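A single chain, nothing else alongside it, follows as structure tokens in the form predicted alone.
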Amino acid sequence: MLLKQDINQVTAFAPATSANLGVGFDIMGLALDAVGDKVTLTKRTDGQIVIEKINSITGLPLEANKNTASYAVTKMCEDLNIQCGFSMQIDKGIAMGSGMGGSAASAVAAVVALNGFLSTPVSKEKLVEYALYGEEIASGGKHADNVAPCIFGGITLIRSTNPMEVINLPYPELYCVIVHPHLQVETKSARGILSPSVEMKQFVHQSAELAATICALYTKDIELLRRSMQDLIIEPQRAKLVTGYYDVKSAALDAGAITATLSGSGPSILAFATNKKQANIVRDAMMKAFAEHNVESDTWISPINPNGAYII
């Protein structure tokens, strides 16, 4: 693969994301327009992938085969026969274990930055495939529900990962309320507690809710979205990982949220509102509910980011 000869350094930004959206475990997600990660790649001449600096409030591995960003770049270089090597700086804007796609964002920013060096850039679908190598070492599986919206923007549905097929779904104007309690839930642990089997009755009911949610997004039917975006399978298993989860969810719904659910594997909680004023009311109610359980929290109010990751 030929590299642009006049470029020595590229920085890319990748936004935070919210995966699953309740009904779409491992297949749906959205990009947020609030915080994100940056990765800067600089060409080397020795063929090595080296992390030179990580700006993060939490410790992250510097070894190239253990960090999501460097591992994704390594796999992309191997596949495309890029041999020069790169130095890397990672600037973390997303707290690890927050349920906001922190591991995915680092991997995505890294492969998007590398794509900026290529004379013929690869497709977004290929970028998802490369970033998934990084996501795999972080979470134990190649689930694209964070990576895909991070790259494509908007709300995405992953129909298939082999071959990769990502569908951008339409959506009404929505404001996302993200409340991140000062708790930490590791994705690997949160996946480890899930039952490997689902009752047929639950499967049928959840399939109906997923189908209705997609219909609601296409028709921009807020009331149908309110009725259908219900997680009947994953949420009951993971709620215990987040102190006060059901109280916070109830507070959001009582304050007028369209829906409220775990953001990814948590502990962050995602709620939807139809306007910014309502979003502020929902946020305050959720923070108050967490505070009643002696849990501090950070919050963001964000429209859905239609663009995804980009080169700075």
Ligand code: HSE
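Heads up: residue numbers just count along the shown sequence, starting at 1. Keep in mind that what you see is a predicted model, and the values were worked out from it rather than measured.
Keep in mind that the form predicted in complex with the ligand is missing from the display, and what follows is about it.
Contact here is defined as any heavy atom lying within 4.5 Å of the ligand in the predicted complex, and by that definition each of Ala19, Phe25 and Asn146 is a contact residue.
Under a 4.5 angstroms non-hydrogen atom cutoff, the ligand in the predicted complex lacks Asn67 among its neighbouring residues. In the predicted complex, no heavy atom of His180 sits within 4.5 Å of the ligand.
Proximity of Arg191 to the ligand in the predicted complex falls within the 4.5 Å heavy atom cutoff. Contact annotation: Thr187 falls within 4.5 Å of the ligand in the predicted complex, judged by heavy atom distances. The candidate stretches are 276 to 284, 240 to 248, 260 to 268, 39 to 47, and the one lying within 4.5 Å of the ligand in the predicted complex by heavy atoms is 260 to 268.
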